[in-house]
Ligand SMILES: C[S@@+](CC[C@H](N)C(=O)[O-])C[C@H]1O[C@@H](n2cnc3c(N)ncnc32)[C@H](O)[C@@H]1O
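Consider the single chain below, provided in structure tokens and representing the form predicted alone.
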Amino acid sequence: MTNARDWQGTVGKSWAQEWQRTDTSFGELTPHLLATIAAEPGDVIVDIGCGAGELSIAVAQTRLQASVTGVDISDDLVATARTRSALPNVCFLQADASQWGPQSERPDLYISRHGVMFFPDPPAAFANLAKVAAPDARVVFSCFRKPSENVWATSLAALLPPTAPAATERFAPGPFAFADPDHIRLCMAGWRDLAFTPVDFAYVAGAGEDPVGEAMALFRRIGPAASALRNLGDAERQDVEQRLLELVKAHLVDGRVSFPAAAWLVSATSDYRNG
């Protein structure tokens, strides 16, 4: 279970250092998300859990009249995002989006690529985002569907040693915390007219001149395999890495390593009336 403390520490640092590989991994999902965002109005835009900034920058490039603010809890990711663009209409700040509030204009559009599943208290977070937004503000975000529809996740899990079941929490954060639309509805206090669009895409773990090497580098630093490898003894780690290499090679097709993946594109309207 990845929580806010992880993002402020090792996980955030790893994602900041591996931003090119993580952008590649979402490379086939991002155009679907951008197309959905493009259909929405909004000139004061906030990217929730902006990570290394790819989505914020892409939206700012196409809406030069808009102001785009990327918000992330990780100092490392915010620092990386700031190095990637000199556009005058985009900025990045370190903050907990569940408690964040605007300094001036209220946002009329929230966006996020897989950045909303890690709130420790999602209903409180979404209620806050609705409260500080403009009336009838919109939100568009992506999140993974269930693990069984994401081959990259089930394939990696099959390689790893069994672990004790995590304690069951109603709103436990994690990459698949928003897999169930009914749970998302429960989480999105202060929002109405929820719509869910399923998107199937290729999760690209490795590409370029050495796709196998790229995929191995990604999985060693990002995701469940990375966490497990850090905690294994030498012999067990070598065994897992060998099986990981075999898995990666089995998914090398036409010069890239990819896995079937599945996401929701979720949109909604603020139901909070300011003043």
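Heads up: residue numbers just count along the shown sequence, starting at 1. This structure is a prediction, so every number in the text was calculated from the model and none was measured.
The form predicted together with the named molecule is left out here; the points below concern that form.
**Q** Have a look at 223-231, 58-66, 244-252, 42-50 and name the one stretch with heavy atoms inside 4.5 Å of the named molecule in the model of the complex.
**A** In short, 42-50.
**Q** Report whether the minimum heavy atom distance between residue 132 and the named molecule in the model of the complex is within 4.5 Å.
**A** Answer no; every heavy atom of residue 132 is more than 4.5 Å from the named molecule in the model of the complex.
**Q** Is residue 119 part of the interface with the named molecule in the model of the complex - any heavy atom within 4.5 Å?
**A** Yes - in the model of the complex, heavy atoms of residue 119 and the named molecule come within 4.5 Å of each other.
**Q** Does residue 200 reach the named molecule in the model of the complex if we count a contact as any heavy atom within 4.5 Å?
**A** Because no heavy atom of residue 200 falls inside 4.5 Å of the named molecule in the model of the complex, the answer is no.
**Q** My question is simply whether residue 114 lines the interface with the named molecule in the model of the complex - judged by any non-hydrogen atom within 4.5 Å.
**A** Heavy-atom contact with the named molecule at 4.5 Å: present for residue 114.
**Q** Looking at 136, 180, 149, 96, which is the one with a non-hydrogen atom within 4.5 Å of the named molecule in the model of the complex?
**A** Flagged contact: 96.
**Q** Select from the listed residues 204, 73, 188, 140 the one whose heavy atoms reach within 4.5 Å of the named molecule in the model of the complex.
**A** Checking each option against the named molecule in the model of the complex, the one that comes within 4.5 Å is 73.
**Q** Is every one of 81, 92 and 110 within 4.5 Å of the named molecule in the model of the complex, counting heavy atoms?
**A** Not one of the three qualifies.
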